[in-house]
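Next comes just one chain, in structure tokens: the form predicted on its own.
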């Protein structure tokens, strides 16, 4: 949580942290500015002190919504610096140096944000040359923000719950949309007689997300048949919705403008489920239910990956443990944390060494995939851990396999 930043900085020996760049696709900066909708900025936090936000003067009113102390680029004569330097990059660099000096930033300073790697490399080298009091640092593994992100406060949980409620409604409306079509010659058709396609469904989902103040950060997965057997296949827009083929529908939107995520997956068969798909589905649900039943505060994530491998191997499916690199059977980890990023800590995987604790938000998503046999199955809910250590699913839409038609 944000309240942990000072202690984390102390543990890692940071005298200050600097987060900068465009806000969009920049979770660390979004985290620091809360609900403020500035387009870019610089946040400076010295250990033990309140953060400061530097922004364009045109966005000062938006910046005030962050609750941080706000100064603008005008306070540092940004446009004069650009003119004198004859370069936008040089002007930005000089302004950043001036900002750090103005606020007395020195010692070991760690930098975060989104920037072109080459530009960031040049900027940080030059900055260290310009400021003798600053030792530039960074973190190649789990960063201070990765650790802070992992546990959510009450406000963050409330935002995630809101996104989850809206996502579940979009899932329900999408199934109703599909069910509202008629069946002809083993396929779904529209009122004009044309077949219903993956692209038609995808467009419907996008419209419902927009109506719900949600947005895609990556393409929604709606994959049928063979494509359902490749976990991250998005599906082909031209594919026709046919009866009896498995459909993996992975819906993971976030709040509009780069907010918090919700992540859920359901597997459907239209009309009926072939025997082998039903068997795989039953085994996935066994793994899902066993994982949920075993959830316990203090248990590390890798325990649950091992549990699911035990179940799937019992039925003869290859797993990452029994056959590393397998592309059929169970091919991935059981789950991941999420928040402002769709994949974060804690990890329910072979490298999941962190114990589950209150404030964690994470997925459980076992699956079986057989692309050569033309099907895949995955079931995914998002869970959170409350202050009492109880686990709650935020993915309330039913997990029925078959979508029936009259």
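Numbering follows the first chain given and starts at 1. Note that the structure is a prediction, hence the values are computed from the model and not measured.
Only in words, not in the display: the form predicted in complex with another copy of the chain, which the text now covers.
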item	value
Interface residue in the model of the complex among 189, 172, 206, 240, criterion: non-hydrogen atom within 4.5 angstroms of another copy of the chain	206
Contact residue in the model of the complex, from 183, 131, 124, 307 (heavy atom within 4.5 Å of another copy of the chain)	124
Residue 114: touches another copy of the chain in the model of the complex, heavy atom cutoff 4.5 angstroms	yes
Another copy of the chain contact in the model of the complex: residue 141, any heavy atom under 4.5 Å	yes
Any non-hydrogen atom of residue 118 within 4.5 angstroms of another copy of the chain in the model of the complex	yes
Contact flag, residue 20 vs another copy of the chain in the model of the complex, heavy atom cut 4.5 Å	yes
Segment that reaches another copy of the chain in the model of the complex - one of 97 to 105, 152 to 160, 287 to 295, 83 to 91, heavy atoms within 4.5 Å	83 to 91
Within 4.5 Å of another copy of the chain in the model of the complex: residues from 34 to 67 (heavy atom criterion)	37, 58
